[in-house]
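In the block that follows, a single chain appears as structure tokens, in the form predicted alone.
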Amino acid sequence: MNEQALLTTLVFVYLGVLVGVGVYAARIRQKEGGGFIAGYFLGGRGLNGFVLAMTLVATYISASSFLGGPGTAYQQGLGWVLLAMIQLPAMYLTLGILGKRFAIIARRIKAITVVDFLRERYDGNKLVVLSSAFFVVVFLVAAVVAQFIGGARLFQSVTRFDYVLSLILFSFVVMIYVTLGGFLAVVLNDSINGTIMFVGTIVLLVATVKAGGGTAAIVQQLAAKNPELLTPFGVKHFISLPWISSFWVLVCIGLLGLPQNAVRAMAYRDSRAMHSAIVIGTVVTGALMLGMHLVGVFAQAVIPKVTVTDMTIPTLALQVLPPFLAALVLAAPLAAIMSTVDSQLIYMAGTIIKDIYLNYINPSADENCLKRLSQACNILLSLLILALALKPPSLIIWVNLFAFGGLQAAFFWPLLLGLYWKRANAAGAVASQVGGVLAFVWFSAFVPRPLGLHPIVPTLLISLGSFLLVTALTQEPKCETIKKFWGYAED
């Protein structure tokens, strides 16, 4: 079997495993019984520490951590590795700040989604629910379309199939296992994908150091080529302190405002699982960020003439590894895309069925009806995104760049203040969402580097100011809401 046939075969084996996990998850869910909605959209709140850590890591890390990030490290040197490492506390912040309190309250109010939580916290306000659902669907559709395009192109580069066939295969695999297995299939496949990413990173780092003649020899070559590759500021001071600070807000602190991440803080089994997940997730995130970005820098000493830097990792893997191990490493970015896409798809379906249909259209729908609608919703969303990805408008790629910023603008303060501030009310939450999203779109379009910062920084300040001002001018939340969340109504 030649190298190309081996790579293609291994990719199909990998896709077959993902579909098999979907079938397995569907059988487990039927065997365990319980309510369909909680089982399909939240996995029955039974995740152990390892699965919780891996699904958080896999949802958080996208293909850019394996392609774009190392490619930029190839250009900017060790300064970009330092920038990547500011993401290290991401798992600790997500579970440490949201984790225990979020999970306890979610069980108490029987919340399945983040919008569920916001509805209960803000007195059942319909405007909060509808605006939240709108922002979730709009921003996540844009993000998933771009991920489908990236996944299809990566699939195409490995198999040499044409783009449309690659897109259809990629889309149908994701659609089948998400539709069959729901949230449980997503987190189990995230665990497989996270493991592939971790092992692939270690293998490639070791092989690269060996190919470069050892770490000392590689550093000497980098210094001879351009000493700025070894400084924390990058080439020509590309990495400034304001940029690092604001980038940390976007990729680390801001994660608290991403619904598809926050919902995982509702799904763990017990406190022990959460604490284990913090440790495992932090170690795995650190290893992936440090390992893959170091590989990007070290690649300068092994393959010094890469012109398309996004192809640094694929080019390096094929040069320094035998075909089987190269396939494992190249599966890592595909796994990262799969994990990001499946989490976003299942979350959008949950928003449409649980937060809109079940709350406002047919509250008395039975289990069979909800099952059919949930699966139909996953299929329709997948087909819609497949259609958009066939001939994507050029603007959609740029929309994806601020899709996550838009979600953070809409959900960061309503979620965080709703969890920890009793005075927070529905009017303030809506003002924060609308003001934050409008500010982010305006800054992104007209002032992309305000004072040298990323637009997410002034956006979150405006969103916070809107929340505090409108809350101060409007009524306090209902006493029964305060009792439900804090157990008493007075300070």
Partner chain sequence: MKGKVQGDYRFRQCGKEALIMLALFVLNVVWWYGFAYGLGSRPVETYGYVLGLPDWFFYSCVLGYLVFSVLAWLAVRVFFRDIPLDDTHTAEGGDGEQ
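Values in this document were obtained by computation on a predicted structure and should not be read as measured data. Residue numbers count along the first chain shown, from 1.
Not on display, but discussed next: the form predicted in complex with its partner chain.
Engineer: Tell me, which of V164, L325, L384, L230 has a heavy atom within 4.5 angstroms of its partner chain in the predicted bound form?
Structural biologist: Of V164, L325, L384, L230, the residue with a heavy atom within 4.5 Å of its partner chain in the predicted bound form is L230.
Engineer: Can you work out which of L294, I149, A142, L321 has a heavy atom no more than 4.5 Å from its partner chain in the predicted bound form?
Structural biologist: By the 4.5 Å heavy-atom cutoff, the listed residue in contact is L294.
Engineer: Spell it out for me: taking its partner chain in the predicted bound form, does every residue among T215, R269 and F485 have a heavy atom no farther than 4.5 Å from it?
Structural biologist: So, yes: the whole triplet contacts its partner chain.
Engineer: If we take heavy atoms and a 4.5 Å cut-off, which stretch out of 153-161, 101-109, 337-345, 367-375 is in contact with its partner chain in the predicted bound form?
Structural biologist: After filtering at 4.5 Å, what remains is 101-109.
Engineer: Is F298 close enough to its partner chain in the predicted bound form to count, meaning some heavy atom within 4.5 Å?
Structural biologist: Heavy-atom contact with its partner chain at 4.5 Å: present for F298.
Engineer: Using the partner position in the predicted bound form, report whether T282 sits within 4.5 Å of its partner chain, counting heavy atoms only.
Structural biologist: Flag for T282 set to yes.
Engineer: Answer for K225 alone: is it within 4.5 Å of its partner chain in the predicted bound form, judged on heavy atom distances?
Structural biologist: The answer is no: K225 has no heavy atom within 4.5 Å of its partner chain.
Engineer: Report whether the minimum heavy atom distance between Y360 and its partner chain in the predicted bound form is within 4.5 Å.
Structural biologist: Heavy-atom contact with its partner chain at 4.5 Å: absent for Y360.
Engineer: What residues in 244-263 sit within 4.5 Å of its partner chain in the predicted bound form, counting heavy atoms only?
Structural biologist: Contacting residues: I244, S245, W248, C252, I253.
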